[in-house]
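Shown here is one chain on its own, the form predicted on its own, set out as structure tokens.
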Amino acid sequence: MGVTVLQPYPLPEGKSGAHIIDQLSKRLLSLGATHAGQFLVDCETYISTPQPHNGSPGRAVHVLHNSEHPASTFSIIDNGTGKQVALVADNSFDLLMSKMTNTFTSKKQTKIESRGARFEYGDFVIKLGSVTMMEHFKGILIEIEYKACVILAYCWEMIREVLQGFLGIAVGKDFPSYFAMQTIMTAMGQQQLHAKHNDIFEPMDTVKQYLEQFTNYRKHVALLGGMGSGPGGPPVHMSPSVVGMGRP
């Protein structure tokens, strides 16, 4: 695999998610991309029970599946203070979580997924995801993978150009938030800045990006105070010069 980046797509006013995905699909095909099946990424979150009584945040286990890795279950353990531990297991991990009801409870009302069509375009794999939570549409999430590179810093400009070319929106020059400079703790207990965009990309990085985006959608729903049936994605700035939305 190569480097993968996620890009939320802003819904123009008065347009449905199905209409936009159909237009983007036609645009990819017209550029020479080929349809290559379907994909699915889902996330279910379990919270620790009982919750702490002192007001401190409880632990959470985020369990994700990616159809690109059908034999694996990805889990991210969050202690509530921002520290996360990532694990990869086989599918028996799901059975384990279902048996730990005395320790963790599933928040089924926040189960979320992104699914849709998968396209191949030269060295790129592009996925047009319709994000739903409890069967309610929440937004469009684009996944783009550049298979010929494993370090984002070396290929971000190329990925960015491809995104702008078929999405018709401006994509910022800065690295996506997941790859921004991070403060890490060294083995000596000292803090230092770490440039994640220079790291070798791994499958868990794709999963972590999905969790970041899914969390944004969930927060937006929480702010609105209900599930709703309309788009619930986080606000995304859309360039006024959207091109080609009216043509195949």
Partner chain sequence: MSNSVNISVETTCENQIREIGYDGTERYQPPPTLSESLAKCAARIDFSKTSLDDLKKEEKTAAAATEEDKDATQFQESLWPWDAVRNKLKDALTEICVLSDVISVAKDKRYLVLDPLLEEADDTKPIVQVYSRKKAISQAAQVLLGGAERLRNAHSEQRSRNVSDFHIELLRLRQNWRLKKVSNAIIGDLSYRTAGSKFGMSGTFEVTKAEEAADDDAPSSSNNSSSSTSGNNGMQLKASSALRVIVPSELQGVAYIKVITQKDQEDLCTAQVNLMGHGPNITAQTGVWQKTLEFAQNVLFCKELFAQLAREAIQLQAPIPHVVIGNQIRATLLPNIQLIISLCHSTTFDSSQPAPINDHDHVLEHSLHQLLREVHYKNSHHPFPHPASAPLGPTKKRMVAGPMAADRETLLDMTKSQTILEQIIAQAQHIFMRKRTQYVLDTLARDVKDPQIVSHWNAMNSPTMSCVKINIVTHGYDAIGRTSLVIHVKERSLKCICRDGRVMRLSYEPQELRDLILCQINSHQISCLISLARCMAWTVLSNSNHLGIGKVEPLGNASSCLLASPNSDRMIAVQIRCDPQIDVKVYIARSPRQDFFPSPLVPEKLWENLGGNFKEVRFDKIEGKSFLNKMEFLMASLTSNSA
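Positions refer to the first chain, counted from 1. What you see is a predicted model, and the numbers here were worked out from it, not measured in a lab.
Omitted from view is the form predicted together with its partner chain, to which the following refers.
Site residues 10, 138 and 162 are none of them in contact with its partner chain in the predicted complex, judged by any heavy atom within 4.5 Å.
Although the partner is absent from this view, residue 74 contacts its partner chain in the predicted complex, with a non-hydrogen atom inside 4.5 angstroms. Residue contact check for residue 90: one or more of its heavy atoms lie within 4.5 Å of its partner chain in the predicted complex.
With a 4.5 Å cutoff on heavy atoms, residue 203 counts as touching its partner chain in the predicted complex.
Taking non-hydrogen atoms only, residue 67 approaches its partner chain to within 4.5 angstroms in the predicted complex. In summary, among the residues 183, 34, 38, 30, the only one with a non-hydrogen atom within 4.5 Å of its partner chain in the predicted complex is 38. For its partner chain in the predicted complex, the listed stretch (129 to 137, 164 to 172, 107 to 115, 81 to 89) containing residues with heavy atoms inside 4.5 Å is 81 to 89. In the predicted complex, 1 is the single residue of 1 to 31 with at least one heavy atom within 4.5 Å of its partner chain.
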